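Just the one chain here, the form predicted alone, laid out as structure tokens.
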Amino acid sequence: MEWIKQPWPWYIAGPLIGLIVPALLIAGNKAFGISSALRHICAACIPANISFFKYDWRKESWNLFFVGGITIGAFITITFLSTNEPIDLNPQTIADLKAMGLTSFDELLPEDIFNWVNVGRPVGLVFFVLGGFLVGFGTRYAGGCTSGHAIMGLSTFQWPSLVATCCFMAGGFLVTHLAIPYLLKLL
């Protein structure tokens, strides 16, 4: 049982994620992606006359089971498989984050940023509201999220997915190196 509690090496986890693509294609020509699930949920729950939500969401209901499986898996992991050990970060990453003023490295989300005090502060609005808006806008503008484009789109040789993945990566590098160091000074 201990093996499942440990992080799996990339050469195991990566191919397992990649095998989702042919499995979904064989199972019924389904496209992997998580961001479209929100659209399906809204189409199922919002009885408004909005053209974006007027389609047969039932044909894509398998995606809702996928989201349900993720939710159940997360619950099982947190409840039964999590350990109290701190996150195993690269020492150079810890040194870089300390140089930017972060002090907490025990959780996936640094408590220096993600805490209730910062929710009401301007820097919290930047991280939580503006950051969330930009992720949602980018996903909508690109026609999908990183999982849909980088895993499904690239494996099926789709040119728009290559462009979207390059833009996601470039945006991540730019924000990490140009915006985050300045934003962390505001904490």
Partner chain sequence: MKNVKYLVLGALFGLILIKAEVMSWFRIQEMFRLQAFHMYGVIGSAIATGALSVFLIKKFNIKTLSGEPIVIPVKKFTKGNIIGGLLFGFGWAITGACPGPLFAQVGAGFTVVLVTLASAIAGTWVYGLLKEKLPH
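Superpose the two forms; the largest set of C-alphas matching within 1.5 Å is the rigid core. All values reported here derive from a predicted model rather than from experimental measurement. Numbering follows the first chain given and starts at 1.
Heads up, the form predicted together with its partner chain isn't pictured, but that's what we're talking about next.
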| property | result |
| --- | --- |
| Exercise: Arg140 in contact with its partner chain in the predicted complex, heavy atom 4.5 Å | yes |
| Partner proximity in the predicted complex: Leu186 to its partner chain, non-hydrogen atom cutoff 4.5 Å | no |
| 4.5 angstroms heavy atom contact with its partner chain in the predicted complex for Pro122 | no |
| Contact test in the predicted complex: Gly101 vs its partner chain, heavy atoms, 4.5 Å | no |
| Heavy atom contacts to its partner chain in the predicted complex at 4.5 Å, residues of 69-93 in sequence order | Gly69, Ile70, Thr71, Ile72, Gly73, Ala74, Phe75, Thr77, Ile78, Leu81, Ser82, Ile87, Asp88, Leu89, Asn90, Gln92, Thr93 |
| Flag for Pro22, CA shift 2 Å or larger between this form and the one not shown after aligning core | yes |
| Rigid core superposed: Phe53 CA moves 2 Å or more between this form and the one not shown | yes |
